[in-house]
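Next up: a single chain in structure tokens, the form predicted alone.
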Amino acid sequence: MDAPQTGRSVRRKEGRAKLTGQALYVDDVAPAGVLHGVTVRSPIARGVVTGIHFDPAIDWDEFTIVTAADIPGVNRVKLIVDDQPYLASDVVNHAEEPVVLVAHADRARAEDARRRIRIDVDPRPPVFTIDEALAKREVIWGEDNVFKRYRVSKGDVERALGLAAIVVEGEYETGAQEQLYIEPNGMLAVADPEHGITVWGSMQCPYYIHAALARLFAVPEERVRVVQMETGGGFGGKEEYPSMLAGHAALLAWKSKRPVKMIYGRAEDMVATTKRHPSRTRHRTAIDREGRLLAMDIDFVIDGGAYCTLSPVVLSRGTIHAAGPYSCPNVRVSARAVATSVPPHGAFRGFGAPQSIFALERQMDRVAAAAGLSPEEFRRRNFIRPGETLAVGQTIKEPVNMPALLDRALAMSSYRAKRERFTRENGRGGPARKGIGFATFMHGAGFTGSGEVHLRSIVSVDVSREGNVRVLAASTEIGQGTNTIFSQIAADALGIDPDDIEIVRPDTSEVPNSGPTVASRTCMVVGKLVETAALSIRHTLVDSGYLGAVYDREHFFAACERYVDAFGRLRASSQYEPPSGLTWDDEQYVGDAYGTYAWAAYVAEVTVDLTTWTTRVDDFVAVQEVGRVINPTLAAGQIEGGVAQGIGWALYEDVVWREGRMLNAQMTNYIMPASMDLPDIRVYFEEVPYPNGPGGAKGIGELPMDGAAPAIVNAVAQATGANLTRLPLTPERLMAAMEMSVA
């Protein structure tokens, strides 16, 4: 057999096609007779639709026009609660809500027509903030504006608070964040009652769209086909929203009986699609005189926007991670996702955990100060260890060593020497101040609790007579390296080369449902299914006598030929089965929330300009334990990219709202870090193989989004002495915080 393929930085599977321009994105495809679709949206945040007016100067017979009245099935996007209409009819619940669809063969004329349609709306009182939603003076969703509640309880929090030597309270806020993927949302559809519906597009989760379209058109699922095109990034922003856009394109195609393409411009993509949930977190933390945690009382609220979408599962992950990698005997987390009159918020890398972890890690620095301990010593006294239990009652069974991760991160960053030096230099005054801070955290890999069991994901591996191996899964390549790592995993299992492996394009007419490309599950969960199915192929060839225990590629190809000649087909499938010993109670919200966690310690060094109040990150160290690394270059890229997004969320990316509309929906005024704004990001992996992952791998993609912001803000707090509680930490907010600290 060849040398192992996992653990090596093999070339990206799709790299050559992307570099040469051979890779096709949805806007590269233009079938004959294609129409271009556009969306006419609500002009205000909330109200009753009283009329739709079409400019009489336009010959509307040239256009295909779709309203809610044209929908053949259920006018609700299928997801969790199914409350969001594809097209509003009687009421609108957020600005930019879709009301009318228009298509024309000339894209420019379609755009012009969009501006010639007026939606009349009788305004109703909107709700724009978490506090307004909780006050319930205006109820805009359900009975109390609450999409979902969770409560985690361990021990007796009230008693511990009453007996504590020190209690520290804090309130923290985070804002929305735009995913800002390189390629905006886009879909191409053909649809008619005779042949069914087919869509091609930019997406993360083909089977989400598949189920949604079947319900929208009231057709059997076998009459719906969804094909992923090359996808220029997602970060969660192409998890649920593509179901909406695919429905719109398909509705226009259904009515026109012609192909319809809908490609969002950047501004429309930013104002209309989902973003990271804003949040507010309140902490009460009790410690004893030695600085050990006695109780955590956490109130965690996220802003879900106008419709439920994925808010319950975003809230779930944020809730479970709210108490962090710490051992505390008494914990209470009260969590809610609330409705507001803005476009729905949805999936974004980290999925609720970055919000609650930011609040926790800022609070931990403040509690350490109250205890008279350094931030690192306080963490050491309270880190979770094997055999201890997390807030949800999960006993840690893996070999966790958070002190060692922290030691590595502090040593790589020269943390102690720099902290002492910066404190001395800052005391001398000057135009700038330097700071260094860190965050310690963990992130659960895969779906929460029983989620993976309910998905029952399936992967197949098919081998031809010539030995061509095809991996069939619905997991999508969106830039993170899915195709490459799947080829490495399958190659290792079969004893061949990654170049011998074809990863079949996700197409619901051909690939089984391996679940969505989310939740740090692609490598660990689906990759394990790839490994299992490929090993089944290998065992079949060995057990049949066509392949020996030791072989090379040529022997493998010969064995495939002999087997297929004898039996006609060589194919194996693998369906998810949970690791033994895991239990989870969905009702009580206790048990094994995740099969495993990735663990990390991140350190940021910053400079604060006291004239402009701008903050620059000068150096960043990211140390994490993620099981075994499948592809070191891709893994490091995931960490670097996640940290870069975290820097943007921490310092730059401020979504500006006015009356429920995003005002800065351009890349000229939605400020994100460019390459010149980023430091060297030094990445180190501690490898502790996870027995239930392929080759020992865990999930990695979401982890780096969690730690950058709290590490940076802790560093700025060390530099300035200000009490910093809100993201993003723009110059205006930092200046205001400094003025408050002086007052």
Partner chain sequence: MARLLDVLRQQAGLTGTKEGCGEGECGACAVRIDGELVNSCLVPAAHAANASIQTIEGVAARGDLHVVQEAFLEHGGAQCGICTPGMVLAAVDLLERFPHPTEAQVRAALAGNLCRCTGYMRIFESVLEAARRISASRL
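If you're wondering where the values come from, they're calculated on a predicted model, not measured in any experiment. Residue numbers count along the first chain shown, from 1.
The form predicted in complex with its partner chain exists for this protein as well; it is not shown, and the discussion that follows is about that form.
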task: Examine Ile117 and determine whether its closest non-hydrogen atom to its partner chain in the model of the complex is within 4.5 angstroms.
output: no
In the model of the complex, Gly47 touching its partner chain (heavy atom, 4.5 Å): no
task: Spell out, yes or no, whether the shortest heavy atom distance between Leu35 and its partner chain in the model of the complex is within 4.5 Å.
output: no
message: My question is simply whether Gly479 lines the interface with its partner chain in the model of the complex - judged by any non-hydrogen atom within 4.5 Å.
response: yes
- line: TL;DR on 665-673, 218-226, 594-602, 162-170: the one with heavy atoms within 4.5 Å of its partner chain in the model of the complex is 665-673
task: Could you spot which one of Glu452, Glu183, Asp365, Asp492 gets a heavy atom to within 4.5 Å of its partner chain in the model of the complex?
output: Glu183
- request: Report the residue, out of Thr615, Gln177, Thr517, Ser279, that has at least one non-hydrogen atom within 4.5 angstroms of its partner chain in the model of the complex.
  value: Gln177
query: Taking heavy atoms and a 4.5 Å limit, what residues of 627-653 are near its partner chain in the model of the complex?
result: Thr633, Ala636, Gly637, Gln638, Glu640, Gly641, Ala644, Gln645, Glu653
